[in-house]
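Starting off, we have a lone chain in the form predicted on its own, written out as structure tokens.
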Amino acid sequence: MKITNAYVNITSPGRNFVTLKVETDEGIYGLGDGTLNGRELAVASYLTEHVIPCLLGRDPFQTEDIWQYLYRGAYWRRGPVTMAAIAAVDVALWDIKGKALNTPVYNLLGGKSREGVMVYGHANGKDIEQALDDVARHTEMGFKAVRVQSGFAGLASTYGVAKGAGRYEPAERGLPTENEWSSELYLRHVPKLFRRVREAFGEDLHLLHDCHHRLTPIEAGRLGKELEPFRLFWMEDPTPAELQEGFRVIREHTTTPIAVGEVFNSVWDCHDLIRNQWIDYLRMTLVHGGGFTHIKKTADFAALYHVRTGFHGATDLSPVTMAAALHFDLAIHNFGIQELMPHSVETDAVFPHNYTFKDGLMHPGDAPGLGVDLDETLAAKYPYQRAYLPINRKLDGTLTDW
């Protein structure tokens, strides 16, 4: 079997997606997701101009060699654009493998380690009362784990809270919007939020919270300590992780579990975090972490240090990545939990898939390969539209982490 063609599809059914399609001389094709929120065209160009010409004529079963060729052979390694492009290729090749062997990808990764994949949903509200209502809605839907965010007095908006009646979607058409931020107000608010959630929903519901890189290590240590009575499943992205040693400070001040890594793109981004046991869950996703070939090695390394996975699963990752993540989650031993932000009806129609949700668990389905496809005719009806994530400024105007 040889690769005969590959091309990029860019579509925007409510938000932008970059999809790589790799075709072979036996009529089997595979799909990979190359979406990088707010920088989609950079990955599309990298794939089209620099990667695809190197794929033609190669054996798609040689996933390890092709991965190393694209990573080491380029000399300029790592970075979100490069790793998203490599991931798109790698996932597409594993999709081809599964289809050629007539088996779901999870069987190529070692087979099922569990019967279903626990996922967490996103509950939010403009204040605590609305957030409680949304937690109730998620429990009625069957979720066993819920991430909770809410707005609070003093800020017009905050991360994770929908601005209107629809679903929360951070990326917005046009140029980046600017939001205000105050860590002081936030730190006073969050313990009150989770006290109310525990009082209303008891001990059985898994609760998660995302700080979204906005705190200093000592602020995060303080927050984690104040949240200990409410037994969170995790506190996510408490501080920017460029300085991995900063997480030592957090670990020394709290036993609240820590999750980090949705912006990581290689094992080196989390090497010290894992080997020093400064984190409990790794959030790096397949699409930004180099695909199955690299993420499997990273997860195996994490397992040596009792670190489990908790992959990013926001709407900026297409159903191709969600399917891939579920195959991976089902197979590996040190799985922890999977994020789920449901896609829009339009997105689901463009990417028909076999994965399902029931009673708080998801399953990738048993179709050969990934079990997800791309309706290119429908995708063409949704042309690319420039969109960006917001930026954040403190109340005095200082630019800070969004």
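Model, not experiment: these values are computed from the prediction. One-based numbering along the sequence shown.
Keep in mind that the form predicted together with a small molecule is missing from the display, and what follows is about it.
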| item | value |
| --- | --- |
| Location of the small molecule contact in the model of the complex, chosen stretch of 324-332, 225-233, 210-218, 178-186 [non-hydrogen atom, 4.5 Å] | 210-218 |
| Partner-contacting position among Val249, Ala162, Ala314, Val81 - heavy atom within 4.5 Å of the small molecule in the model of the complex | Ala314 |
| Residue (of His138, Arg147, Lys97, His294) lying close to the small molecule in the model of the complex, criterion heavy atoms within 4.5 Å | Arg147 |
| Interface membership of Asn37, the small molecule in the model of the complex, 4.5 Å heavy atom rule | yes |
| 4.5 angstroms heavy atom contact with the small molecule in the model of the complex for Leu378 | no |
| Contact of Asp134 with the small molecule in the model of the complex (heavy atom, 4.5 Å) | no |
| 4.5 angstroms heavy atom contact with the small molecule in the model of the complex for Ile10 | no |
